[in-house]
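Given next, in C-alpha cells, is a single chain: the form predicted alone.
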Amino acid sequence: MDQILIVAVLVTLGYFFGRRAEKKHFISLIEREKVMNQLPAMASRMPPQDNRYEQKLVSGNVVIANDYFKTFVAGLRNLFGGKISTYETLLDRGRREAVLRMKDQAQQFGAELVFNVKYETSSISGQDSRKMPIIEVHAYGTALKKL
C-alpha cells in the first residue's frame, strides 16, 4: 500500500511541476514570438528576386524532455493505442523554440527574412520505454540581408 501511495504522490508532483514548467515555457515562447514576428521565416524555396542579397545559413537547435507525468500517461495510452497528445505539446514547444533561436541568429546577422526553413526532429531517448522521451529539434534556413 505504501508503494502505491508513493507512486501516486510522485505522479501528482510530476503533473504539477511539469505543467507549471510547460506553461512558463509557452508564455516565454509567446512573448518572444511577438518580438520576432518582424522577421519573417518562410518555407518557400525561391528567394525574392527584387534585390540582391547577402546570404547566410542560420540555424536553431533545442533539446527538450517530457515530464514524468506525461510519460506515465503516454505509456497508458500506448497500451490502448491512439493519438498520444501529450507528445504533441513537446514537439510544438521544440519547433517553436528552435525557430526562435534560428531567427535570433538571423537577426544578429542583420537579415530581413529567412527563407527555405526546414526542420529536423530526432528522438534521443533511445528505444528503452522506461526512459523519458527526449527530442532534439533543429530548424535551419537561409537568411537574406540586402546588399
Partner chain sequence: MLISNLEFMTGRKVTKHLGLVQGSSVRAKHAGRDIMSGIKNMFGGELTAYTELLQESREEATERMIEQARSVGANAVLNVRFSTSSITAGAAEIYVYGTAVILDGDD
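What we label the rigid core is the largest C-alpha set whose atoms superpose within 1.5 Å from one form to the other. Numbering follows the first chain given and starts at 1. The structure displayed is predicted, hence computed values, not measured ones.
Another form exists, predicted in complex with the partner chain; not displayed. Remarks below refer to it.
Is there any non-hydrogen atom of Val63 lying within 4.5 Å of the partner chain in the predicted bound form?
Yes, Val63 lies within 4.5 Å of the partner chain in the predicted bound form.
Is the gap between Tyr53 and the partner chain in the predicted bound form 4.5 Å or less for some heavy atom pair?
Yes, Tyr53 lies within 4.5 Å of the partner chain in the predicted bound form.
Even though the partner chain is not shown here, does Ser122 get within 4.5 Å of it in the predicted bound form, heavy atoms only?
Answer yes; at least one heavy atom of Ser122 falls within 4.5 Å of the partner chain in the predicted bound form.
Would Thr86 show up as a contact with the partner chain in the predicted bound form if we use heavy atoms at 4.5 Å?
Judged by the heavy-atom cut-off of 4.5 Å, Thr86 is well away from the partner chain in the predicted bound form.
With the partner left out here, if you bring back the partner chain in the predicted bound form, are Tyr68, Arg101 and Leu144 all within 4.5 Å of it by some heavy atom?
Result yes, every residue of the spot touches the partner chain.
Taking only heavy atoms into account, state which residues of 1 to 35 are within 4.5 Å of the partner chain in the predicted bound form, ordered by sequence.
Leu10, Leu13, Gly14, Phe17, Gly18, in sequence order.
Answer yes if the Cα of Ala21 shifts by 2 angstroms or more between the shown form and the other one on a rigid-core superposition, and no otherwise.
No; that C-alpha moves by less than 2 Å between the shown form and the other one.
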